[in-house]
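What follows is a single chain, given as structure tokens, in the form predicted alone.
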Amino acid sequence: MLDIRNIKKSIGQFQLGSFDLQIAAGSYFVLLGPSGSGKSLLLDLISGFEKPDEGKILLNGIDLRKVQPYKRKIGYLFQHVMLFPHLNVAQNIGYAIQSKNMSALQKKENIKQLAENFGIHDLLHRKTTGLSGGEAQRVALARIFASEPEILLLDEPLSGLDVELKSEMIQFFKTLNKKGLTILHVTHDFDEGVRLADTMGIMHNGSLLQTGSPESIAQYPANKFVAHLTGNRNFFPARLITKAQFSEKFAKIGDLEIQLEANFPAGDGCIFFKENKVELYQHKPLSFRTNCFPAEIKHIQKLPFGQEILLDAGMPIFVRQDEKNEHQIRHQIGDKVWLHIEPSDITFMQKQL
């Protein structure tokens, strides 16, 4: 288990923390945040390349402040893979075990086994300068595993890889995790995190804003920043009201009153709903009693598997349509449409943090 307690680090004008973070042994934890949020600095603190100003970092109960970086049993795959260009693949892997008390034959067998485990046995005599991005990552990982790490730190490991290689490496990281390895993976890509994480943490400006499963964070973001980072841009300050003649609750946003299902008492807060939960119609549907509003299409953005539409309904509303829905109605910028949102698809938060 990785246990981070009251960690704090200042570099120039930037301050990381103070916050706590626990990562269970054998889990796949993804730390999500934009560039400059402090994600890589946290990895540097865990690995020992930086020292915290305050707080403790414990790995399986051992205080890492008292352990030299090379003795921490931590593997660190940097965003830009660093291999020794003057050594071939076998020599790069062997570098991590050169100080171990092994015979030359044992070291050779160890390198061979690691190369087979990482699918690079046919590259052992190749120079590293001619390797592809995926091959270089596998060599770097084999070198890391030669030192038998208890946790693996990944700093934006999929950035710069093409779609096929990215998918291949995602499956590879999943396989490592299923074998019991604890992984802490840093990224700015929410979709990437969802495909990998058991648990996710959201960072911004040196602060840890929220932790939980990817599903819980997407469904119940702690604030507007988290909502936007996880792809929920339909996030609006609102006042929850109860009409005397109805038992239903309504969120009032300007002149709009949006029905929703909420057990909170009346008061200020915010609502949000996912882009793929908004339905569009050319004419006002007579079957919907509530949550049906006129709007104008302001922008259409083509996506690999559909399109994203920006509406003006008195507030900006984003709609995401897959290919099937896209072909049902050919929308154009300037079209007048009607939108509908089911009350069960709207989430209310008592206050915006």
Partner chain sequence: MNKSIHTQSLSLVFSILGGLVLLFVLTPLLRLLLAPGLHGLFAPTKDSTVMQSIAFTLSTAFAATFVSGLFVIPLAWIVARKQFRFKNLLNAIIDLPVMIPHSAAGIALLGLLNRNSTVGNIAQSIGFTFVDTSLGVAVAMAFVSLPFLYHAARDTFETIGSGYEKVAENLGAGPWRVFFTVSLPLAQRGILSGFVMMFGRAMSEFGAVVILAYHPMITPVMIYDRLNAYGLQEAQRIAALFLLISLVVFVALRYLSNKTAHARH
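Remember, predicted model here, so these are calculated numbers, not experimental data. Positions refer to the first chain, counted from 1.
Not on display, but discussed next: the form predicted in complex with the partner chain.
Screening 58-66, 287-295, 41-49, 306-314 for residues having heavy atoms within 4.5 Å of the partner chain in the predicted bound form returns a single hit, 41-49.
Of the listed positions (Ile74, Leu154, Leu114, Val89), a single one reaches within 4.5 angstroms of the partner chain by any non-hydrogen atom in the predicted bound form, namely Ile74. Shown without its partner, this chain lists Ala262, Ala96, Leu208, Leu181 as candidates; in the predicted bound form, only Ala96 has a non-hydrogen atom within 4.5 angstroms of the partner chain. Put simply, Asn223 is far from the partner chain in the predicted bound form: not one heavy atom of it is within 4.5 Å. Within this chain, His228 is remote from the site of the partner chain in the predicted bound form, having no heavy atom within 4.5 Å.
With a 4.5 Å cutoff on heavy atoms, Ile144 counts as touching the partner chain in the predicted bound form. Among residues of the shown chain, Leu240 is not one whose heavy atoms approach the partner chain to within 4.5 Å in the predicted bound form.
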